[in-house]
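Before any questions on binding or motion, here is one chain by itself as structure tokens, the form predicted on its own.
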């Protein structure tokens, strides 16, 4: 199976990259680096000459440019060259009239298939940050069926996708979502019982057709983005 580098050395070392044309789920606590991971993957995909789309449901592109600059990722150059396209759903909704806003929100609520309509045709890699904005009032059954459809259609188009799910939504739907996706990574913050210090840890919950570690991987958000702390993690 062909793999796509993630830009995170430790992850690429033990997985050889994310499986091409498959969907992976990213969940995690607030401040754990979910958006940074998404941006890091998007930038790395552009460096691999993959047409990439980043659907943001909460932040605008300007905020994402600022975050990228902190890690010296020239995301603006990627968009200028047409390798990366931001789709700002929050901005789109804010620019229409109040009546149109209600119609748009009602039509999108719980309907993940609507997201497929706004993905550029030539997209090879996709980040959705985050899908929790479209889970309001969904039953577990509705969530599963809609996510299954989204994952199926992305696979048909051979799009390698990262779907980010916020902590509030993942608390309710995480176990269900795991059955739909090809792989899943959970980002967490915890207190180290030996040092008493807070640390970030990553759990590669699943990744089909891939050898994965069973232990948590400690990581930091450093000057180049998410960095797995040590080769000790990979033993």
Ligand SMILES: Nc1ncnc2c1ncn2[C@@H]1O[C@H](COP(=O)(O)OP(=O)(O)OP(=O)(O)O)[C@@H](O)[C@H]1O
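Residue numbers count along the first chain shown, from 1. Note that the coordinates shown come from a computational prediction; the quantities given were computed from them, not determined experimentally.
Another form exists, predicted together with this ligand; not displayed. Remarks below refer to it.
- Annotated contact segment (heavy atom within 4.5 Å of this ligand in the predicted bound form): 26-34, selected among 43-51, 204-212, 174-182, 26-34.
- None of the heavy atoms of residue 63 is located within 4.5 Å of this ligand in the predicted bound form.
- Although the partner is absent here, residue 199 is not a contact residue: none of its heavy atoms lies within 4.5 angstroms of this ligand in the predicted bound form.
- Interface residue remark: residue 71 is counted as part of the site for this ligand in the predicted bound form, having a heavy atom within 4.5 Å.
- At a distance of at most 4.5 angstroms from this ligand in the predicted bound form, none of the three residues 4, 13 and 218 contributes a non-hydrogen atom.
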